[in-house]
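Form predicted alone, single chain, as structure tokens, below.
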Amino acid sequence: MIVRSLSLREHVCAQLRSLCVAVGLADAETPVSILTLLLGAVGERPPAEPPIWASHVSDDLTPVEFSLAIDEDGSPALRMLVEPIADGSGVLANNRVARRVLAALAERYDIPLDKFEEVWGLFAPGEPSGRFGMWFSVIFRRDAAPDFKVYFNPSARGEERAPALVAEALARLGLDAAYGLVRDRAATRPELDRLTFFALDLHSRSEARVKIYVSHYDAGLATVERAVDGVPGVALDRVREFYSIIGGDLDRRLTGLPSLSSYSFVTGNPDVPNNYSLYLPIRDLVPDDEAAAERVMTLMDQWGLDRPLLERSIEAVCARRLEDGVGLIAYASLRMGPDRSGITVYLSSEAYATMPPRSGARTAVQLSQANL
């Protein structure tokens, strides 16, 4: 009797279907069809085989990450982040596949590509640098059509050119003043504050956002407080509470994986971000996923959010005991501002590997590289 192992597509689509149930989405087939399209031929490879591309979407190189976003009023959204992969030959080939995937999605869901075309060429040189070219995010909410977002790599032409690249992309989108705010608030420490992602909402509604992400290496709360200074709708006491609970200590300095800040800008208002988010790498701050889940649920209890919703979502993607690994819960983020304030919990698929519980100073990323 021949026993066939699950393909990567079957593995992550089974998780996605379970997540749809956990979040209360009536339609699971639309999310599954989108994920299947984004994965392409790579999805048919079994996870038992080594990945053909070192995707940095997740620590174990799986090109898929799920996340659960919970607004302050308790409304949930399910999100997935996917890197389309070609044949393992590099970012240039991946970019070509990503363009074909985007064209198919645009035709199927009537996605406007005018803003994408304004900046695409900046981030897609003939010889791209960096670890990725283009990622896609898809967000699913109850009784709503899916929303799409694209992530570009600011270091596509070299890390030293990232500031100029981001500034030019913002100018092309009519957000000239936005880069100055990011530079003056979040990217103030040479070599330690790095432009990480340039993201673009792929819809034509008035709230369509451009998001700039900055990674903060060797940083503590003071760096975060400087980053949020002056952003409308940000309550500093809530930022500190989030940092204290998820980080485990208000005075903790993150010397391993970085924290991140992101700013959302809307066309027509380049001077003021309409949203700020703080991301903490919880997997690098705890010994195992049981501790990570407890920190997130402590925060949810204090803020009156639905703990069972997170419990169901974790069960949807994880068949092991939480204390047997670390990295299932990768990041936790706080979103603040008039645009959907709340928290987001990022869940790894672990299709290729489970990182063992931490017993020393090594980070989850180092462990993943050692195991793969």
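On a predicted model such as this, the values are computed, not experimentally measured, just so you know. Residue indices: 1-based, along the sequence shown.
Only in words, not in the display: the form predicted in complex with a small molecule, which the text now covers.
Contact check for Val57, Trp135 and Tyr346: all three have a heavy atom within 4.5 Å of the small molecule in the model of the complex. Comment: the small molecule is not present in this chain, but in the model of the complex one of Leu81, Leu299, Leu122, Ala171 has a heavy atom within 4.5 Å of it, namely Leu81. In summary, among the residues Tyr243, Tyr179, Phe152, Tyr279, the only one with a non-hydrogen atom within 4.5 Å of the small molecule in the model of the complex is Tyr279. Partner contact region in the model of the complex: 49-57, out of 301-309, 321-329, 22-30, 49-57, criterion any non-hydrogen atom within 4.5 Å of the small molecule. Although the partner is absent here, Phe197 sits close enough that one of its heavy atoms falls within 4.5 Å of the small molecule in the model of the complex. Taking the partner from elsewhere, Leu260 is found to have a heavy atom lying within 4.5 Å of the small molecule in the model of the complex.
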